[in-house]
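Next up is one chain by itself, shown in structure tokens, the form predicted alone.
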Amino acid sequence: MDLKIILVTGANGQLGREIKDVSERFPQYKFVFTNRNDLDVAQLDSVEKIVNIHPDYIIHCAAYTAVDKAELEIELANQNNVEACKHLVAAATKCQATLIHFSSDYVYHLVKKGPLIESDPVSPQSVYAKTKRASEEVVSTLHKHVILRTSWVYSKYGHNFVNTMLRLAESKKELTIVGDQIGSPTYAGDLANATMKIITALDTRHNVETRYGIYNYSNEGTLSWFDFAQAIFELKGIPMVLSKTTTAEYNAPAPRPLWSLMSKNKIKQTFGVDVPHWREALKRCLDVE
């Protein structure tokens, strides 16, 4: 019997590399890892290339994520986040594949008293957020889809907040960090595990028709970017003087949501996904006790 094929886009990014790491635990699937050189999903010819691979599942990790630059590179952000999804949907339709797509807490941009739930209204403010919401709308036209809204993604790979803090610590003894944006980070290694849990559940359980749709996923717990930075330096034993600033004072080009805390109840109940606490996840990423 032929193995089912899982195509991964953006395999050189932090999430793609984490999926590559966990893929070794899933010999029942054949993984095809692609990067922009092999498969540029922003280009129309990617449809034919994907159809030739004929995947059963597509894990779409490739994305435009430069939040501030997107305010100027509107067309590029749209091409890579929205047009790319149109090509993936076209290919998935031809292959009857299931598409796993990653979106962002930025689509909510709400302030509420409790965690954000998937049925809350969306109000994307930045160019990046608007392209992510538009990508959700495109992917939702495909029946067999799962959209995972994540926040504050980091990994030992690539460019992210954790690696930036560790790099800055090599030359600085004091840092100022935003303290009024509240949410929870997402360790890409845990997100990779959750993604594979979803695929195996879709493959082996009944009533999969009821499981398609939008889900939140981040690690558990509530903190600010300031708290996150504090924990990184504390766990690594790096002396650092930290001071707080506000989102308004920081004045980044793109608007940031102040409230990004998401409920994970839906993904836990539907797929039995394990959601570790952010501090435990950070320890594993940093490889500290």
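Position 1 is the first residue in the sequence shown; the rest follow in order. Remember, predicted model here, so these are calculated numbers, not experimental data.
Below: the form predicted together with a small molecule, not depicted.
Open item on the list: Just to confirm, with a 4.5 Å cut-off on non-hydrogen atoms, which of N219, T195, T150, T98 contacts the small molecule in the model of the complex?
Closed with: The residue from N219, T195, T150, T98 that makes the contact is T150.
Open item on the list: Based on heavy atom distances of 4.5 Å or less, which listed stretch (164-172, 117-125, 102-110, 199-207) is in contact with the small molecule in the model of the complex?
Closed with: Only one stretch passes the 4.5 Å heavy-atom test: 102-110.
TODO: Examine N12 and determine whether its closest non-hydrogen atom to the small molecule in the model of the complex is within 4.5 angstroms.
DONE: Answer yes; at least one heavy atom of N12 falls within 4.5 Å of the small molecule in the model of the complex.
Open item on the list: Can you tell me if A42 lies within 4.5 angstroms of the small molecule in the model of the complex, counting non-hydrogen atoms only?
Closed with: Because a heavy atom of A42 falls inside 4.5 Å of the small molecule in the model of the complex, the answer is yes.
Open item on the list: With the partner left out here, check for me: in the model of the complex, does some heavy atom of K69 sit within 4.5 Å of the small molecule?
Closed with: Because no heavy atom of K69 falls inside 4.5 Å of the small molecule in the model of the complex, the answer is no.
Open item on the list: So in the model of the complex, is the small molecule close enough to K30 to count as touching (4.5 Å, heavy atoms)?
Closed with: Result no; K30 lies far from the small molecule in the model of the complex.
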